[in-house]
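Form predicted alone, single chain, as structure tokens, below.
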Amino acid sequence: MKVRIDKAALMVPLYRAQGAADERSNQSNANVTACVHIEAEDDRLILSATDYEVTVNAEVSADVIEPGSALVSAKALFQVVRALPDGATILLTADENHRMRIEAGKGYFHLNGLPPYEFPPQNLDSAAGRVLVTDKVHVESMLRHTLFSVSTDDRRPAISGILLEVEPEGEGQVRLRMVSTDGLRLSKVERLVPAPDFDGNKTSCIIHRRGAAELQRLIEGSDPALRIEFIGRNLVFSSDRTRLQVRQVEANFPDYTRVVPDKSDIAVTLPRDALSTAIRRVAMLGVKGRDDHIQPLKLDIEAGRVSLEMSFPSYGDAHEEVEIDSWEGAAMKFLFNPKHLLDVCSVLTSDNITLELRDQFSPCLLHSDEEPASQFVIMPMRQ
């Protein structure tokens, strides 16, 4: 194999493919799932990587001098290419000993590889399935609103990913819904999007967090459209000459409708930026101990203001106040994980944020009138 390609052109598919390589074995190319498979044919390169749960197949135009294939460490190749000068023209060569040479200008690198035939067969499912084509700006926004609250505990597979629901609304539209939870908080976001060619009924699936993270890489490209295929137990996303196949999580997502509060006795609306800034200030003395114990943030809500307090046994305490204009209910104190509040503040773009609560022990609903399709629930902490 011998190929000439610009660095900028190679970085895009390589960035996507190396993300799908098995991160647990990515320190070595001894495992094929830590490698990227490169196929040179006609006038293109096809880069593939998989950890058997997530598979990426990305192609890019290139000057193929000699067709062939190679299998090398995804992480090593990505680090080498990324370190080359911007604007560099790269010459990739693979010999009969499965050794790859990367040349750019007067510099060169060699990477030891594996026989290309050891890479698992590419069985990106091409069977017919339900197809949805949408503008990926909607999906990008929904992922940003939900990925942060996905559970990282794989012992609880039902919440180890994002629930995706698709509901036809008639007149060529579908309602997309994404929901995530880690057991202590929940995020739910909806979008009504045009989908005149959607040929399926209401459907739902759970996208594992790794698949969702790789989907974020995919939608960073210039192609505005995203094609979503529901094929058996797999989801296939296609955009920008890249195909991402994700195995669905086979579990039942919790009934999120029972978690979102429908009544509240206290409602307070605060300026989002002021709240976020105040939380960061009172939390800055926090230093996690060996047990990673999280100090609670105390919110003292009363007419005209919200007081924020945190105490740190090793350092001292901190106090801030945020003025409020809109407030309903009795004065009350609440304890929250400060990170949970900050995460919500960081994904909302509205000027104000509303907190609705029933009492000190019930779930707190966070939302904004400017973004009515986004709702967040966090559980209070206990002293």
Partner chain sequence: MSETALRTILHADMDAFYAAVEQRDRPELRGKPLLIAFDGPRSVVTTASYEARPFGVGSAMPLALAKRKCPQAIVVAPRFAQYQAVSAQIFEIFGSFSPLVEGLSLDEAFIDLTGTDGLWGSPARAAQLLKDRVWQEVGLRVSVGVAACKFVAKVASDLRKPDALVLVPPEETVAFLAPLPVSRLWGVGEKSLPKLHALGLRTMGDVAAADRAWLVRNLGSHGPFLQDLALGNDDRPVVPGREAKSIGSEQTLMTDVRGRDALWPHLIEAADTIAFRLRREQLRAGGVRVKLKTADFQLLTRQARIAPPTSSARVLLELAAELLPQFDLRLPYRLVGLAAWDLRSADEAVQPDLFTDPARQRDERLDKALDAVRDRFGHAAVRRASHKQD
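Since this is a predicted model, take the numbers as computed values, not measurements. Residue numbers count along the first chain shown, from 1.
Beyond the structure shown, there is the form predicted together with its partner chain, which is absent from this document and is the topic of what follows.
Stretch-level contact check against its partner chain in the predicted complex with heavy atoms at 4.5 Å: of 87 to 95, 206 to 214, 250 to 258, 160 to 168, the positive one is 250 to 258. Of the candidates G107, G183, G232, P224, G183 is the one whose heavy atoms come within 4.5 Å of its partner chain in the predicted complex; the others do not. Heavy atoms of P271 never reach within 4.5 Å of its partner chain in the predicted complex, leaving it off the interface.
Contact annotation: P296 falls within 4.5 Å of its partner chain in the predicted complex, judged by heavy atom distances.
Contact check for N337: a non-hydrogen atom falls within 4.5 Å of its partner chain in the predicted complex. Its partner chain in the predicted complex comes within 4.5 Å of no heavy atom belonging to R144. For the partner-free chain shown, V377, M379, P380, M381, R382, Q383 of 367 to 383 come within 4.5 angstroms of its partner chain in the predicted complex, judged by any non-hydrogen atom.
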